[in-house]
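Here we start with a single chain on its own, the form predicted on its own, put down as structure tokens.
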Amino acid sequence: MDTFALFIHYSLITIKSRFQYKVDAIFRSLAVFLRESASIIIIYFMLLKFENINGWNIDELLFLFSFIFFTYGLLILFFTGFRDFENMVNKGSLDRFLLRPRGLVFQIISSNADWFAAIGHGCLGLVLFIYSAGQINVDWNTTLVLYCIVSVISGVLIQGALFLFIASLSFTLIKVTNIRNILYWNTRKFAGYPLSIFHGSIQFLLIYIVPFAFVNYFPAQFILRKADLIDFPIAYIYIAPCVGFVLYALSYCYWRYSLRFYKSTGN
């Protein structure tokens, strides 16, 4: 309870600092929402010409995108510190966290949250999910609801594990911006589309190296059962809700190992 209370206290301080200028905060959140909406608008106009992509229509593609945006909205509430972790190492500000009588991961998670990105991405993801699920007439039941909830948590942990792994590299490499761009941001651009349209090397990347396929494609296939699911082992749609927990545990172990090699860079 003490840890939870401290987390809430940290969060309230972060919210107060982020939303000190309310009008600016509203417009910054709106800017994120509109910026990310641009990719959806492009997809929409493209499909006015082609109608579908490998059997996936616009509503089903929006369903794929909704998982990406909504999970990132949740992710960035907890993993902003790891997204920007190299700055702490580079500037030497990590030292003050190491001197405090609390867990390092807890402090990093609690001390920073990008609320503007969380609101922008999260609201867009929620809007897309509600709209697309209604259009494709998902027959909701208890199993599907529970599956979606656990899959969203797993999707957050998959991306959190990637941030944690890249943050761990900062202990030895110091600057990891380009690694993060390649492993996360550039790879994420593939994730909004059906996995089956890509070359086998890209499919391998999205399943086994940077497993974005388990963030949205396989959870969506559990509900939609599109014809291209035949290209992949059916077991993947059932293990998707577990992947995030396993991957995060492995990344955390690597984090603990890499922490041994940290040396302050000064200021």
Partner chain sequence: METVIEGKRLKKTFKISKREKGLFGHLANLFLPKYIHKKAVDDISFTIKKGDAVGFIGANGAGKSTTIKMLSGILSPTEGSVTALGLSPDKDRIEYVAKIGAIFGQKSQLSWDLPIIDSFDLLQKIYRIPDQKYQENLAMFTKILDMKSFIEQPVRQLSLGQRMRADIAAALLHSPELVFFDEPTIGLDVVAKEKIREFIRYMNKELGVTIIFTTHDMQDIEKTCERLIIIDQGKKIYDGTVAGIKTHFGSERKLVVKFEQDYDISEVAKTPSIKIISKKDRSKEFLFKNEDIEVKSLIQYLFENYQVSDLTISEPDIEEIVRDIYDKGI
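In this text, all values refer to a predicted model and were calculated from it rather than measured experimentally. Residue numbers count along the first chain shown, from 1. Each form is matched to the other, and the largest set of C-alpha atoms that superpose within 1.5 Å is called the rigid core.
One more form of this protein, predicted together with its partner chain, exists but is not displayed; see below.
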If we define contact as a non-hydrogen atom of the residue within 4.5 angstroms of the partner, is G92 a contact of its partner chain in the predicted complex? yes
Can you work out whether T172 and its partner chain are in contact in the predicted complex, taking contact to mean some heavy atom pair no more than 4.5 Å apart? yes
Check whether A133 has any heavy atom within 4.5 Å of a heavy atom of its partner chain in the predicted complex, and answer yes or no. no
Any chance C253 has a heavy atom within 4.5 Å of its partner chain in the predicted complex? no
Is every one of V150, R225 and L229 in contact with its partner chain in the predicted complex, taking contact as a heavy atom within 4.5 Å? no
Which single stretch, out of 93-101, 76-84, 153-161, 137-145, brings residue heavy atoms within 4.5 Å of its partner chain in the predicted complex? 93-101
C-alpha of L250 off by 2 Å or more between this form and the one not shown on rigid core: no
